[in-house]
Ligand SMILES: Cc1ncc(COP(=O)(O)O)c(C=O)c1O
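Presented below, as structure tokens, is a lone chain in the form predicted alone.
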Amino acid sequence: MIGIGVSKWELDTPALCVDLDKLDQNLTTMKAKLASTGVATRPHAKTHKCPAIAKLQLASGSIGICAAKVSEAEALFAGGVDKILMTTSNVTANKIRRAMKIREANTSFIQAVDYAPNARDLNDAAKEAGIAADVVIDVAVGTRSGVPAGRQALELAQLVDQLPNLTLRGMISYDGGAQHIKGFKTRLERSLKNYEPSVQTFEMMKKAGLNTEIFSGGGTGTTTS
């Protein structure tokens, strides 16, 4: 193991190098930007893939950490991070079993689902494990991922709400292309327009009496000016 004080030029590659002063500045800036909005942060670990940084984000006020796949969630949990939300669906039997093992040990673990057969598979796996798994509906913005907004998303949410071993926690919706739009004003206007179907879906879920405690979207790529 390389000791403290060794030059970064002596590190073998690939190696994660972090400017702690800039990291702290970014954490402080994001917290300050959202302080008056009532919006909480749940940063995505796919950016850094590092439990230590995830812990810093939680310590700065984030309510949880996102993971893109089950292996990331496993690594975060093994590193002492317990408030994890998986933003993509687990579709294979092996990944579903692995996700349920995380849920068995971690009551704060949340999974995304975007189609009915997968919801039933999750329910069956949760039943087999003797647990109730927390689930959010992944609602599509464009064609990136997720169930289409509107009636299809509502019907999926209603199915999840009816399955005995799943607990509906709300919905997630992410416009993956927004961060590539140049200029903050243009990016803001287009993001708000693209999210209109997701907002309508959220209102439909509320009107139907479903749990909407989570409505997650956006990202650091869309907040910078």
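A residue's number is simply how far along the shown sequence it sits, counting from 1. The shown structure was predicted, so the numbers you read here are calculated from the model rather than taken from an experiment.
Another form, the form predicted in complex with the ligand, is not on view; read the next lines as being about it.
- Though the partner is left out of this view, H44 does reach within 4.5 Å of the ligand in the predicted complex, counting heavy atoms only.
- The ligand is not shown here, but in the predicted complex it comes within 4.5 Å of a heavy atom of R144.
- None of the heavy atoms of S89 is located within 4.5 Å of the ligand in the predicted complex.
- The stretch that touches the ligand in the predicted complex, counting heavy atoms within 4.5 Å, is 44-52, out of 31-39, 181-189, 44-52, 162-170.
- Contacts between stretch 174-209 and the ligand, counted in the predicted complex as any heavy atom lying within 4.5 Å, involve Y174 alone.
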